[in-house]
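Here we start with a single chain on its own, the form predicted on its own, put down as structure tokens.
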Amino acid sequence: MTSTTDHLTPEDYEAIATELDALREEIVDDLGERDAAYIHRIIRVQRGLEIAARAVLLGSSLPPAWIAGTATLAVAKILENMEIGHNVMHGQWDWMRDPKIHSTTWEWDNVSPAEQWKHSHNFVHHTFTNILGKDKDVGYGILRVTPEQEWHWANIPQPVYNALLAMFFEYGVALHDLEIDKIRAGTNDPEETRAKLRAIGRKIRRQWGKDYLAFPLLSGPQFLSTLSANFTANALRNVWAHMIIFCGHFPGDIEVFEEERLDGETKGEWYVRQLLGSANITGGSLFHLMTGNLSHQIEHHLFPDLPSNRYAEIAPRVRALCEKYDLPYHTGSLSKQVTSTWKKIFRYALPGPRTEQSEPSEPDRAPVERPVAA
């Protein structure tokens, strides 16, 4: 695999770790009332949108009410999953010591049980980011998204798999912690697998009972139109979450790594692996909010437990660090990242690696004079 880090010395890695540790400490020391007010405000807005959507859908047999209610409910679900649930369960707001907004107590509006998600995502993915064979998020076990992954004939229809995964993304996430590869190989713990399946089943029953039974029943004779509205809102939320997450992990020349990379990996090397294995999406403040600030995927991978409202603030400094050490800072518009990601999914559905790099996210590495580390 081509490396973009051959020019870095051990002293560079140490300096990178020192700078990023200092940046993190600066933000942690500055957390306070304005940050707490931010998350409380977002939760109020999200709950207000959901209440409004449920009320409008009581008249869901009328097309304008169905459209308005469905769109509002989809926005509410996106906010809950992306900016609130994902980030609360990362521990970004644990510093407030509020038991209602804490990683140990939050259960999100999603069929994936919070505890299983926190293991597969917070621990496995964020520890082993883009390590082939360790990070199950590389292709989610069904997609070949890099030439380093072994090709199999089952990859040929993967564009279809991906489209289905997008629509039903929450179910794919729910099954993620089961480690299907171990089940296929017979190396899983059967009792542990059954316990996880029971937890998933309970969560699905809870979500279906709410969205596909309780609220449709409240709308009386408009049961079917309300049910369809709820299904559509969930599908829209799933497609949006899938798109944002894939655009943060798979576009352009995002790098993957062999497991040997972990041997003796230093803090600086871990930071650089996060930089090389992530991509940002450009946009305005409302767009960043609706992505859960995962449009700042680079900053999120560097500092997964820092409050998401701070990512836009630190992004210019992270980018400057990349320029200082001649490292790529992958970023681009949503359309560019979506196109690049889907090109990979179609290309690597076919056998054989490609020697040339995929189209890079912009801006690409610019030649700079690399400083000598202190």
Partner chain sequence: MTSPHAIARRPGRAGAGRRQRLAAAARLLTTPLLPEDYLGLLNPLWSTAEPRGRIEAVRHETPGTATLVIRPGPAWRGHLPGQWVKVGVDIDGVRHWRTFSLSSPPRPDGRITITVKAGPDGFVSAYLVNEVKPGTIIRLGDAEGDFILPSELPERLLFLTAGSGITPVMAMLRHLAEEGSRADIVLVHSARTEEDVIFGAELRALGERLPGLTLHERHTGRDGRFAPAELDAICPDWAEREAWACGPAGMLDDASAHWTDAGVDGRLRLERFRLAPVAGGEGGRVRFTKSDVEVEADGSTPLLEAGESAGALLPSGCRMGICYSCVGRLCSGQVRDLRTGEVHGEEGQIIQTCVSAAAGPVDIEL
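No experiment lies behind these values; they were computed from the predicted model shown. Positions refer to the first chain, counted from 1.
The same protein has a further form, the form predicted together with the partner chain, not shown here; the description that follows concerns it.
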{"query": "One residue of A185, A195, A214, L164 in contact with the partner chain, assessed in the predicted complex (non-hydrogen atom, 4.5 angstroms)", "finding": "A214"}
{"query": "Answer option from H90, H249, H288, R144, heavy atom within 4.5 Å of the partner chain in the predicted complex", "finding": "H90"}
{"query": "Exercise: D189 in contact with the partner chain in the predicted complex, heavy atom 4.5 Å", "finding": "no"}
{"query": "The partner chain contact in the predicted complex: E11, any heavy atom under 4.5 Å", "finding": "no"}
{"query": "Residue contact check: E107 to the partner chain in the predicted complex, 4.5 Å heavy atom", "finding": "yes"}
{"query": "R317 within 4.5 Å of the partner chain in the predicted complex, heavy atoms", "finding": "no"}
{"query": "Among 133 to 141, 116 to 124, 169 to 177, 290 to 298, the region lying within 4.5 Å of the partner chain in the predicted complex by heavy atom distance", "finding": "116 to 124"}
{"query": "Contact set, 47 to 73 vs the partner chain in the predicted complex - heavy atom within 4.5 angstroms", "finding": "R47, G48, E50, I51"}
